[in-house]
Ligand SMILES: CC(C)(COP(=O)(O)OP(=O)(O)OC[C@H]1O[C@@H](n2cnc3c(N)ncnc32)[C@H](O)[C@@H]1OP(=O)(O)O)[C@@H](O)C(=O)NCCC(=O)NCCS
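The chain below stands alone and is given in structure tokens; this is the form predicted on its own.
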Amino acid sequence: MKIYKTKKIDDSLLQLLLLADPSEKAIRKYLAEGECFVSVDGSRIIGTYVLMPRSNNAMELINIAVIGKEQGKGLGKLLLKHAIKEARRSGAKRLFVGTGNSSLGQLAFYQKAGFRMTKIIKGYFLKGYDKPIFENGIQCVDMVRMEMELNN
């Protein structure tokens, strides 16, 4: 398995990114400004993430996704570790991530990796999405922002 940066955004990669963010419009916007990395097994893309430069020596992990058949095998952790390493390499001092209030697995995933909750953006998922998002029987309404200090 290899992880590398790509500028080639085809339909299969877009479908993978849609697993973590149901807004194609939002995905296309942040792909234009961020750096997209893919994990490949042979010639098949099995995971991806997008890093976005932010102000004050910070980066944001915008999207991280793994294809269904590969979920639960530790690939998400590998992608997250790679993203942290890339953020450090770029000189970032902090790495941010945002996830939904209903994303219970993702909230645990990021906290286990060392992220701390820093902010709640109320009503975030009520704007810019065509239809309501539900996960774990809970409507996704608010964004939970999390942060990790990167000791370079």
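Only a predicted model underlies this, so the values are computations on that prediction, with no experimental measurement involved. All residue numbers refer to positions in the sequence shown, first residue = 1.
Just so it is clear, the following notes concern the form predicted in complex with the named molecule, a form of the same protein that is not shown.
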| item | value |
| --- | --- |
| The named molecule: the contacting residue among V50, I27, V66, A87 in the model of the complex [heavy atom, 4.5 Å] | V66 |
| Interface stretch in the model of the complex with the named molecule - options 102-110, 51-59, 87-95, 35-43, non-hydrogen atom within 4.5 Å | 102-110 |
| L19: touches the named molecule in the model of the complex, heavy atom cutoff 4.5 angstroms | yes |
| In the model of the complex, K77 touching the named molecule (heavy atom, 4.5 Å) | yes |
